[in-house]
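Listed next as structure tokens: two forms of one protein chain, kept apart as structure 1 and structure 2.
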Structure 1
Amino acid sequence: MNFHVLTLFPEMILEACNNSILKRAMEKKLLSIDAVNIRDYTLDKHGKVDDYTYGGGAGMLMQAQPVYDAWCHVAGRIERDQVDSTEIIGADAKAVAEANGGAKQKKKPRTIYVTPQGRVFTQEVAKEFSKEEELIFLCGHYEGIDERVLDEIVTDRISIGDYVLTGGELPALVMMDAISRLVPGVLGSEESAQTESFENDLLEYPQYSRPEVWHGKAVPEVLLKGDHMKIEAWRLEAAKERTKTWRPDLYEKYFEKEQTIKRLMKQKKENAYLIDSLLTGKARLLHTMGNAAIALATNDITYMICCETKEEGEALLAYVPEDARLLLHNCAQLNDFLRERYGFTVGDECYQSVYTQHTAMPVAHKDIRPYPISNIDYAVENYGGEEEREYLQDRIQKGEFFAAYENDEIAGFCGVHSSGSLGLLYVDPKYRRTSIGSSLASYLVNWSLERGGLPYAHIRVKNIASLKMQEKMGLYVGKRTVFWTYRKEKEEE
């Protein structure tokens, strides 16, 4: 993750970041922070970057020229060529390539203008930004910045709250800190970020340290017994109670989602992909009606519908915007409507396999580890080719891609798709017909269980070998199929 801050006070940014977790992350090259002085780009010989506003009014305004030139300098150093398919979660390479026309597009760097007039920064926004490799923060001063340059370069206007500060540096630092914590490796423990406030729409549970009794108040007895199942149950209830008391608005979201999951569980084997996405926070619920629901993946691109009838599906499609590109659903009768009304095409029809037990699966092959980024060429060569490189790199960096080793040599690999679907499975030819393939698949199931998910995979209907392996392992293969549908982007005129 690379942060670039356009500011009049670069020392303020650099001094604040030269401490604690951010400093260690920079030393480990997990983060980089580039503070760019806007004054260095003014054409005024006195270093002036502001002037009076047209139409009168109090205060001065930052001029467009130095801001724009500073931004161009940073943007020119950022490599932005990338295949659009790397932003799309859950679909296979074929559907992605067709949805994007197979073309590479040059993108404007994600540029955040720090302003009280923007959308409010939340944990969900932090997650969204943490998926970027490059972020530019633009910090205003005085009465703000000339609107013309904002229209030219800004992609996001973000506020940290309904109040006004003297400049954008402090809000930028707040956001950089929150985003950094979600970058794999920064906290040193994936669990740290997963158990904090706002994860799963709950505030964090209360925590205690030594001594056991302080000012006459004792640590809850359940935390002293070492029974981890009871501890986790206590923590969940405590988090729910705290959220209900302190943030009833947040608890209402949590309660609605939990009730929806409970209803979807009545058809668990058919609705696994939406259940898992809601359980693990990979999607947010948009609407529910009876036993049907629609959610939007946290990348704001992929919509997911679970329904039993065409009528339910059509009603839920009211929550899908006209420019939507990807939709996953489980109602075959909906495909004609999607084609005629939305211009969607079925990219893949898949069977869904689901592991319905709560106990871990046996893993015969023991040497399975996180996949090393240094060996990405091997993964690219054997799974999808160059068009999948950035997607595989993302899976590796997120810690959701794994390798099986035989005599310190990679014998195969597997991974979790951004949507939560288990797959990306490959076994080197010389190690096939051994336990490695099933071990990798079992390892993924256990990985999902440990994170509170509902393990599932999507297998193309013609992939008979994979279907047989899933059934042999004890996964349930649904009778209904699911459909990855897509719409090509309109070509620019």
Structure 2
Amino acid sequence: MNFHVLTLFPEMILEACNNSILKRAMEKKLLSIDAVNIRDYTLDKHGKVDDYTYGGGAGMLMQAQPVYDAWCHVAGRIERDQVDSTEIIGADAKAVAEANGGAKQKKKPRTIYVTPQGRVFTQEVAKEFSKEEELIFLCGHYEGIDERVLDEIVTDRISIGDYVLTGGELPALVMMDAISRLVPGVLGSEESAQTESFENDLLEYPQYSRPEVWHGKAVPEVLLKGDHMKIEAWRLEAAKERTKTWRPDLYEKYFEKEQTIKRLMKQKKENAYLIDSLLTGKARLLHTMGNAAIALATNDITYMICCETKEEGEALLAYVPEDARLLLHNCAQLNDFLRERYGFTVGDECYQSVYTQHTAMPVAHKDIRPYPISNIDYAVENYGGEEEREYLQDRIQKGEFFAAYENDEIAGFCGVHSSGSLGLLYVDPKYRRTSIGSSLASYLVNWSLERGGLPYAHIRVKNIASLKMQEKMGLYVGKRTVFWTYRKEKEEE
């Protein structure tokens, strides 16, 4: 992740980032932070960057020219780093950006203007930004910045809350800190980013360290006994209690989600994909109607509907925007309507197999580990070819792809799809008819259980062999199929 901050006070940014976790992440090359002084780009011979506002009013406004030129410098550099074009090396930075369409280029780098007038920054927004490679922050001062340059370069206007600060540097630092800790590897253990406040619409539970009694107050007994199930249950209750008291708005969201999961659980085998996504925080609930519900996956692309009747499905489609591209549902009667009214076509029809127990499955083959990125070619060759490289790379980097080893050689692999379904299974011909295939599948089931999920897989209706294997392993196959539907692009038609 590379942060670029356009500011009048670069030292304020650099000094604040040169400590603790951010400093370590920069040393490990997981982050880079570059602060660009807007004043260095002014054409005014006295170094001025502000002027009076037209129409009168108190205070000064930052002018368009220095802001635009500083932005072009950064955007041009990002583009140069991305596009290997020897022609433009050494050319003037502004010319580079403009040769590539300048601010009007097709894909502007994500440019965040920090302003009290923006969308409010939340953990969800932090997650969204953490998926970018490059982020530019634009920090205003005085009364703000000339609107014309903002229109040209800004992609997002973000506020850190309903109060006004003297400048954009502190809000930019707050955001950079929250985004950085979501970048894989920045925090010591992946887990710490997942179990903390807001991750499940709950505040974090209280924590205690030594001594056991301090100022007459004892650490809750359950935490001293080492029974992990009881500790987890206590922590959940404590988190609920404090969320209810301190953040009733958040608790309402949590409660609605819990109630929806309970209702969906009545048809576990039919609704597994939505239940699992809500349980593991891979989707955000958009609306519930009786036992039917719609959610949007955290990839912001996949809409998921669970319903029993066409009427419920049609009503829930009101929450799917015009430009949506992917929809997963489990109501065969909805397909005609989806095609005629929304232009959605069925890509895959699948059976859904679900592991309904809470106990871990036995895994016969012991040597299963996270898949090494250095061996990606083997996975690409054996799972879909070059077209799948980027997807497999993402799965490996997210730590959701695993290899089984035999004599230190990869004997097969498996993984979790970005939608949450278990699969991506392959066993090397040398090791077929051994326990490796079922071990990989059981390993995935346990992986999902450990994360509080409902393990499930989607199997194309024609893949009889895989269905049989799932049933043999003790997974239940639902009666109704699920439909992966997508909007056909114009050129595909």
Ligand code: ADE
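One-based numbering along structure 1's sequence throughout. In this text, the rigid core denotes the largest set of C-alpha atoms whose superposition between the two forms falls within 1.5 Å. Just so it is clear, the model here is predicted, and its values are computed rather than measured.
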Which of the two shown corresponds to the form predicted in complex with adenine (ADE)?
2
Residue 395 C-alpha shift between the two structures of 2 Å or more, rigid core reference:
no
For residue 142, decide whether the Cα shift between the two structures is 2 Å or greater, given a superposition on the rigid core.
yes
Superpose on the rigid core, then tell me if the C-alpha of residue 347 is displaced by 2 angstroms or more between the two structures.
no
What is the Cα shift of residue 38 between the two structures once the core is superposed, in angstrom?
5.2
Superposing on the core, what C-alpha displacement does residue 118 show between the two structures, in angstrom?
2.4
